[in-house]
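Shown below, as structure tokens, is a lone chain in the form predicted alone; questions about how it binds or moves come after it.
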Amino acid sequence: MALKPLEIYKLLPKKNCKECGDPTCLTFAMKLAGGKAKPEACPYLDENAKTILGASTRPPVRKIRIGVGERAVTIGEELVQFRHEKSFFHEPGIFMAVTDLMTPGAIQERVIFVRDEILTRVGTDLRLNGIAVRSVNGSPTAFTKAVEAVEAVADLPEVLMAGDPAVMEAGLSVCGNYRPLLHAATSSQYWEMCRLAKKYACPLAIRADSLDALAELSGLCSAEGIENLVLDLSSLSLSEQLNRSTAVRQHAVSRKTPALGHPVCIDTAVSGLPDAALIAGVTKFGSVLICDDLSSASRKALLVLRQNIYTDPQKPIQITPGLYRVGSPGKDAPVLLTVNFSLTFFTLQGYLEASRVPCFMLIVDTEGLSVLTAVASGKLQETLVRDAIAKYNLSAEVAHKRLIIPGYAAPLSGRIEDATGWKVLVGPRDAADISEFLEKEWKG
């Protein structure tokens, strides 16, 4: 279990020397307990205290990096069982698989798709992460050719999937310097797999039939000097996958079984339920998700779900406040006020673009809250609107003084008029109705 602040405080020297950057040892202990400081910041800790505090304050799920360069995938370093407690930090990497039975052309076609395909949502580019190369032929030569085909067209993170260490080493001879994830060590060949992971400095996935066996195998690999482990929890049923991944996270977060404090891998080809298993993997603690193929609908749904789950629930996605243009608005163009919650902004922008009416969007800072929430909490006020009009020099952009506000902000209309001197038009509540509103109320 993680130590509480007072338990940590008892291990500190209690000098209140301030050399750690905090005014007192108790303040430092509270930061350690919250994961906001490291034990190394205290110069007077003895070795025993360092060992205890290091084990207690480091993230219960180990951080691992797969691949190199800007497309590298960082997984793990999670702190909590439930997202609302804090947040989930490192979203799972989604890897599409190719096999050494495919032609080089077919392999490269899939790799190029993963490399180039982008889904843009609320101002963020959502992408698949990498390629898993699966050994089916069993031949080192065939596996090498498959890895070479991948390397020829893209610098993407890779998962090398071969149970035979000789086949794995053949693939590593092509891409070992790029830190692929090696999949997977078992109790029968873990020593050879650990040797390869150590030689090429790669993370290693391990696989066993039960959580007890998995913890034992994790300990054996750690004894060989391999700490960057990924736990393969691929199951033949969706319920077993959910139960095992939930149990592993519970063991990790409670620090009950440190040997299970590693990221989780799900290979959906094993389950026979690819789409359902991927969704379960995103929502229930998967860190590496491997699939043979994805339909367009499933891919988009999965990417959006991952974005939602791995957005800090205490910090909404927001855009920079300011004056934005839709089309090429002139001096008589309408001005629409809204908040800086990204989903609100991009939804309204999309409907405005569809209306083909050039206009201005005046975005005010409500700390990422939606219109209704910002009005209810008092974040959206007439003074905020007045200051935004002045700050962005709106009077110099348009020759009128008319402002369209969202329908949910209607209670503020009179106060905004009094504070700004602008005439307020109350727009629709639903952004889908904005085109009709502009046609009737503005052009009319």
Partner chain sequence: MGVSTLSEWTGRIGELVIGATAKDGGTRSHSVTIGGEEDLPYIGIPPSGHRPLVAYELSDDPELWPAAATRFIGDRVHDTAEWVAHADREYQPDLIRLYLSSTRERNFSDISRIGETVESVLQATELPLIIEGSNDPAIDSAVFQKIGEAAEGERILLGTAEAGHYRSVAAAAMAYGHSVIAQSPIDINLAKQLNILLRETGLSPDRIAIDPYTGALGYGFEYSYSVMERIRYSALKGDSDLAMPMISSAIDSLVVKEVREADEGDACPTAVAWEIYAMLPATIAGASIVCVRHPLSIEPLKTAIAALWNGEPKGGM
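Please read all numbers here as calculations on a predicted model, not as lab measurements. Heads up, when I say rigid core I mean the largest set of C-alphas that superpose within 1.5 Å between the two forms. Positions refer to the first chain, counted from 1.
Beyond the structure shown, there is the form predicted in complex with the partner chain, which is absent from this document and is the topic of what follows.
Residue in contact with the partner chain in the predicted bound form (any heavy atom within 4.5 Å), chosen from Ser237, Ser222, Thr141, Ser173: Ser237. Note on contacts: among Tyr200, Tyr324, Phe345, Tyr351, the single residue with a heavy atom within 4.5 Å of the partner chain in the predicted bound form is Tyr351. Within this chain, Ser296 lines the site of the partner chain in the predicted bound form, having a heavy atom no more than 4.5 Å away. Within this chain, Ala152 is remote from the site of the partner chain in the predicted bound form, having no heavy atom within 4.5 Å. Taking the partner from the other structure, the partner chain in the predicted bound form has no heavy atom within 4.5 Å of any heavy atom of Leu101.
Contact annotation for Pro313: at least one heavy atom lies within 4.5 Å of the partner chain in the predicted bound form. Per the 4.5 Å heavy atom criterion, the partner chain in the predicted bound form is contacted by stretch 205 to 213, the sole one of 358 to 366, 225 to 233, 205 to 213, 175 to 183. The candidate site formed by Leu242, Leu278 and Asn308 is fully in contact with the partner chain in the predicted bound form, as each residue has a non-hydrogen atom within 4.5 angstroms of it.
With a cut-off of 2 Å and the rigid core superposed, Val68 has a Cα displacement that falls short of the cut-off between the shown form and the other one.
Core-aligned CA deviation for Asn129 between the shown form and the other one: less than 2 Å.
Annotation for Thr373: C-alpha shift of 2 angstroms or more between the shown form and the other one, rigid core superposed.
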